[in-house]
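Let's start with one chain on its own, the form predicted alone, as structure tokens.
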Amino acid sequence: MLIAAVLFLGASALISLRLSPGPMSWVGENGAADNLVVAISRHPSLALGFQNACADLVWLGAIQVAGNRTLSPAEYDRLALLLDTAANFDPRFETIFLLGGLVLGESPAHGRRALALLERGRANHPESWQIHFYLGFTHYFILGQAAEGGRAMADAARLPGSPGYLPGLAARMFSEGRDPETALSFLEIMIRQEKDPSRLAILERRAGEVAVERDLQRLERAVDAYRAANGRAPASLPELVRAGILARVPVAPDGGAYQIDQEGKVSSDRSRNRLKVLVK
């Protein structure tokens, strides 16, 4: 036991060093070599009974990274490695898969990593309707795969303890994929049932992005109607209201403002990137 305790303290110190702010970072999948903690996680028996404690330490590092408002691509890579490492040590820790998949999914470039983590979660927690639920979320919102999202949601609906509204959500995802109104109603239901503050914050942020996309699509249709009637684009968005095409110019949910350029292209002054998975 003395040897095990020494090894554990050494691993703890190494993890603390690796997770502390500074230039040192975890070696990625394609790096020259994995660090010691990652290597041990791939053979968790080498942790000599301290697997859960190692998982907790690595998870604290993952929470540190995930708690940032914005993450760089390198930070998403680091987070993915931390989550995989924590899951190696303790695959029974369901929150790793739920929160991890959701945070990774905020980066379109890491959507596949989010999906892979959630698939690991499903393999280890086959009776968890929440993991199937977030698989549906990832397919639908991150990868733009409405049918796959509907299938995952239908799987969640068949599991014990799942909410009664899931079959209806699955049906809407099958039939109304890539529609912002469907996506927004889906998110509003998720927000009402989510109790974890970290996941709730991400869902609320995504709901705001979807609402912006919904408004931009409405404005684009209004501009097309104005152009068809007048042979030109409107000079301003209020002109759409004066022409009777819109009842009002929508208010952006993020506190920004919608605008139109000389060519008639509409945009938000705060959201530079459109949600491509919802653009038909």
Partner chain sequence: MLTGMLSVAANTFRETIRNKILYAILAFALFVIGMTTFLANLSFGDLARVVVDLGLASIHLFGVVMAVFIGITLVSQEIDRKTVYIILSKPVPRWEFVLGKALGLCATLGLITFFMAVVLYLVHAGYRYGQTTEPGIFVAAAGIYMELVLLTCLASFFSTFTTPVLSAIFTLSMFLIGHITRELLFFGGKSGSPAAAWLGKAIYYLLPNLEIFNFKNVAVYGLARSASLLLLPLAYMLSYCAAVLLLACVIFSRKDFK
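Positions refer to the first chain, counted from 1. Quantities reported herein were computed from a predicted structural model and do not represent experimental measurements.
The next section is about a form of this same protein that is not shown, the form predicted together with the partner chain.
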property: All of Leu46, Arg92 and Thr95 with a heavy atom within 4.5 Å of the partner chain in the predicted bound form; result: yes
property: Proximity to the partner chain in the predicted bound form (heavy atom, within 4.5 Å), stretch among 130-138, 115-123, 193-201, 74-82; result: 193-201
property: Contact of Leu60 with the partner chain in the predicted bound form (heavy atom, 4.5 Å); result: yes
property: Gln64: touches the partner chain in the predicted bound form, heavy atom cutoff 4.5 angstroms; result: yes
property: Touches the partner chain in the predicted bound form: Leu99 (any heavy atom, 4.5 Å); result: yes
property: 4.5 Å heavy atom contact, Ala53 to the partner chain in the predicted bound form; result: yes
